[in-house]
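Below you will find one chain, with nothing else, as structure tokens; this is the form predicted alone, and questions on how it binds or moves follow later.
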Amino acid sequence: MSTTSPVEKAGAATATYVDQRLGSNKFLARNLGKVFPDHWSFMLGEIALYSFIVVLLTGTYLTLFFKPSMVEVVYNGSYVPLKGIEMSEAYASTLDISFDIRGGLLIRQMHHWAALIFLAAMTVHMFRVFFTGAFRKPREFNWIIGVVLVTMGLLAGFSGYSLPDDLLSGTGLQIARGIVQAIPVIGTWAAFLLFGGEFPGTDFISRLYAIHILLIPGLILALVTLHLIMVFTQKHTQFPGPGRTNDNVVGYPLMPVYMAKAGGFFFVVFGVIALVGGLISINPIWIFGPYTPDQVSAGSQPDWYIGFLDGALRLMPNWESTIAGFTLSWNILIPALIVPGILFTVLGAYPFIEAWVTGDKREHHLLDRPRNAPTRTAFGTMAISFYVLLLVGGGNDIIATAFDVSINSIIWFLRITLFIIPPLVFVFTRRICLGLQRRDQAKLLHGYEAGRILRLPHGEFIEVHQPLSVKELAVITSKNDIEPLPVPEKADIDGVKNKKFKSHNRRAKLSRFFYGDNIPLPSAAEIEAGQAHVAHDAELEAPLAAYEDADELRRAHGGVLHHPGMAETNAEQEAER
């Protein structure tokens, strides 16, 4: 007797109908069982994806009420302190969304918080990819997509932040105009083209609105789709562990486990964003007032993701020069265009730089532990320290006011430490990584330090060591010891000069710089002998452990340990003596 329900029959019929027209069954059967590794750090990319979905949903709602116009109107809304004030329609409609549209302020704040979380999650996700070497072959293009996505995220955040036409966002637009004008030769014309004439013009908000809701989200959506397709096609990377190799993936299938977890996690992210948007105020534009070109809001601070650029502008000395009748504003050109351009170019090209230095052409699906790539890890922490110093520079006025310190002292301190702290962080990080490698080597040869001292029958005291677990043994021994490239010969055996000697020699020096400092793994025989010795020490302690395991806890006077066979009363103890 068949037990198939009507729902199952309808589903089967629908699947057959679709498959006959699209051939979907073969595709789904091949891909729904695809395995994804399970590690908390992989959720960072999911947070970025889900927060972007929240950005799209909330942004769609806001577009129904926002008016991207710079036409001057007199405000007559619910916010009494600004009644009767002339302002642009963009600012007035943003006030209406905040105070007169049902749920408007919640959606607006959710939109802003989701954008911040989107950028933060992308940034931390790229940290994970960088420090674990997940950008290596065959994922170099995916890394470039990630760099472009972060860039698009910065542009999306800045363009959305500037739309309300309040005094704070207008200050940011003033800075953006100055950056555009600093471009040699074409800067003035580019600013006129961008703003439709003299700043602030009358067309900029409507142009920025089209860029913010159409161009940038479309590019981000296309890049995210391409990124996910490449991840699906190339297989997911995984951390080292038992049974995990460069040729397999250990984890959970896409259906039903991974999809169920991913669906639940989306609602967690959505709920957190809604909670933060409802409880924590962000960008209260009614406090700043409408934008007027001759005013700057006190203590103006950009969002965190653009703060490094503001800090670089504040720290740069006032350098200008005139060449062939053109004024070059180095105080803007260097911090706002040259430095970010170099940083993002090097970031995008890093996978190819490292592959060239190492000569490594292999595919990598097993991730590195950061300690096993000390130079790469040191470069990453050095870049983070450089960014943090610039971010601190972006808030120098707030710091000076809060701690009653001279703002000039803060500027000079940051100018000096910007060239001192990052190199020190590089050196310290590399030494820490090498120290962790030495600790791993000691674990392989001597096991864990248990912290327990054992006295042997002949009177010797030894510290008991414990053998490594199968999981940790697999993790530590996954390290690949890469030999630096050899120094090239200036001439061959026939005396013919090597025309590429200089370039090959530079490459060999860089290779030694990357991989010269390394603590090699012990050989398999040494590891086996070390673990056997540790196991022998553990066997010496086994009788004592068995003795202690036989102890009983008796509830007398709060709790007393008693060993079977021992005297229980004072009289019995006296009799034994």
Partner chain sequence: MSDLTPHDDHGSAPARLGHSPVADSPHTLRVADTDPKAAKRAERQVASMFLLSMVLVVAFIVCYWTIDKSTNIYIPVFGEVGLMTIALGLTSGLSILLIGTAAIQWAKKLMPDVEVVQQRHEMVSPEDATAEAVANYERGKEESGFVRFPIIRRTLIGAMALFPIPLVFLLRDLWQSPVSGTLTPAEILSTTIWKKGERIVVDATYQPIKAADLPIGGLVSAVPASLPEVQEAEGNLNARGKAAIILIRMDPAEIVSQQGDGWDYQGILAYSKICTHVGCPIALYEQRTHHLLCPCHQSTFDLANSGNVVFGPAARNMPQLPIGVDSEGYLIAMDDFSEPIGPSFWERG
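Positions refer to the first chain, counted from 1. Quick caveat: nothing in here was measured; it's all calculated off a predicted structure.
Another form, the form predicted in complex with the partner chain, is not on view; read the next lines as being about it.
- Note that among 149-157, 123-131, 377-385, 98-106, the stretch whose heavy atoms approach the partner chain to within 4.5 Å in the predicted bound form is 98-106.
- Not displayed here, the partner chain is approached by residue 326 to within 4.5 Å at the level of heavy atoms in the predicted bound form.
- The partner chain in the predicted bound form is approached by residue 397, whose closest heavy atom lies within 4.5 angstroms of it.
- Not displayed here, the partner chain is approached by residue 473 to within 4.5 Å at the level of heavy atoms in the predicted bound form.
- Although the partner is absent here, residue 59 lies well away from the partner chain in the predicted bound form, with no heavy atom inside 4.5 Å.
- The single contact residue among 344, 412, 501, 304, judged by any heavy atom lying within 4.5 Å of the partner chain in the predicted bound form, is 412.
- When you look in the predicted bound form, the only residue of 225, 76, 248, 401 with a non-hydrogen atom within 4.5 Å of the partner chain is 248.
- Annotated contacts: 139, 314 and 522 all touch the partner chain in the predicted bound form [non-hydrogen atom within 4.5 angstroms].
- In the predicted bound form, the partner chain lies within 4.5 angstroms of at least one heavy atom of each of the following residues of 348-384: 363, 365, 366, in sequence order.
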